[in-house]
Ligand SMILES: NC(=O)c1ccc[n+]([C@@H]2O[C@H](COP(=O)([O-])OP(=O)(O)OC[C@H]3O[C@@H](n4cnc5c(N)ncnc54)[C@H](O)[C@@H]3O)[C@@H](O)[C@H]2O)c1
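Here we start with a single chain on its own, the form predicted on its own, put down as structure tokens.
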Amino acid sequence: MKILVTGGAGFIASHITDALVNEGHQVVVLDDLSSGFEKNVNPKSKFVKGNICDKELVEKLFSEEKFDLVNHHAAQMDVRRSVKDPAFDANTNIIGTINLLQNAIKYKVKKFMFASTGGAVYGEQIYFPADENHPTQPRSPYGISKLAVEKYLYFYNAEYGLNYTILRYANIYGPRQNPFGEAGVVAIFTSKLLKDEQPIINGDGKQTRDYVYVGDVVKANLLTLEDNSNDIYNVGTGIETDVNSLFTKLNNILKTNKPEKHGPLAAGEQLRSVITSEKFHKKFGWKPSKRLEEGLKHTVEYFRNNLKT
């Protein structure tokens, strides 16, 4: 297939691009490098620098390349920035995606895959872990924008027959995660500890997340490439880990002895988030292969070899 991967210079989508290329697909990467890095782009893919909101550029790309499938990961992904600037978040995550969808219809793309969020769309959970039927009550503009795109995909399928798969990710970590933004506590803590700097834990550190390794997320994308059931799947481990415990695990792996230091709780941050992937497991046989400690060791090793201090 010929596949457009948006955000393919970023953390998650660059790993997905690698896997797609290895499977023999033709891949075009669209990324504006606002948070990704060109060094992450697979050399066997075609790289186009540009923003998904650029109507002229996106239409030219779709008209020339004739994609079979779009794998959409480009996004404004910072919850705190979405709280400070909801309009920017909506313009990137909603209007930018609609730009892609309009061209997908016009140029007869067969399927649209969307990276949603299994934490932010559910909001403060009523039960744990959350399945796909859990009420969606996002507490941040970021979560709202991701949920809005899910609804647009339902519309584009009903109105135009565009097939889709929505993957609601838990908190993804692993090699290539950007430690310089606000997203990705594993990368932020790891980079600071390697530089002998003091990480700051937001709030009391008892807030929990479901940490899933990037390699397992890649497998989830490959498994659903040809799934045309127009469905939503959680992709997570079903295991809660609080931030204090995560900090301790990284401290132990790196053999650093930094104390826990706490700062204010971030605006829009959920207190508990954990999802079940039972539906996905039953249909595709997928389950996470990396335990947290093992995945953290791989991640630490990557940063040790690649982080510029």
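This structure is a prediction, so every number in the text was calculated from the model and none was measured. Quick note: we count residues from 1 along the sequence shown, nothing fancier.
Quick note: we don't show the form predicted together with this ligand, though the next part is all about it.
Novice: Name the single residue among N221, Q177, T208, T165 that comes within 4.5 Å of this ligand in the predicted complex, judging by heavy atoms.
Specialist: Only one listed residue qualifies here, and that residue is Q177.
Novice: Heavy atom within 4.5 Å of this ligand in the predicted complex: which of L101, A187, M113, M77 fits that? Just give me the one.
Specialist: After the contact test, the surviving option is M77.
Novice: May I ask you to check whether I172 falls inside a 4.5 Å heavy atom distance of this ligand in the predicted complex?
Specialist: I172: yes, in contact with this ligand in the predicted complex.
Novice: Does at least one non-hydrogen atom of I12 fall within 4.5 angstroms of this ligand in the predicted complex?
Specialist: It does: once this ligand is placed as it appears in the predicted complex, I12 has a heavy atom within 4.5 Å of it.
Novice: Mark L61 yes when one of its heavy atoms lies within 4.5 Å of a heavy atom of this ligand in the predicted complex, and no otherwise.
Specialist: No - in the predicted complex, heavy atoms of L61 and this ligand never come within 4.5 Å of each other.
Novice: With a 4.5 Å heavy atom cut-off, would you call N252 a contact of this ligand in the predicted complex?
Specialist: No, N252 stays farther than 4.5 Å from this ligand in the predicted complex.
Novice: Thinking of this ligand in the predicted complex, which stretch from 103-111, 121-129, 188-196, 142-150 has heavy atoms inside 4.5 Å of it?
Specialist: Looking at the partner contacts, the answer comes out as 142-150.
Novice: Taking this ligand as it sits in the predicted complex, which residues of 31-68 have a non-hydrogen atom within 4.5 Å of it? Please list them.
Specialist: The stretch touches the partner through D31, D32, L33, S34, S35, G36, G50, N51, I52.
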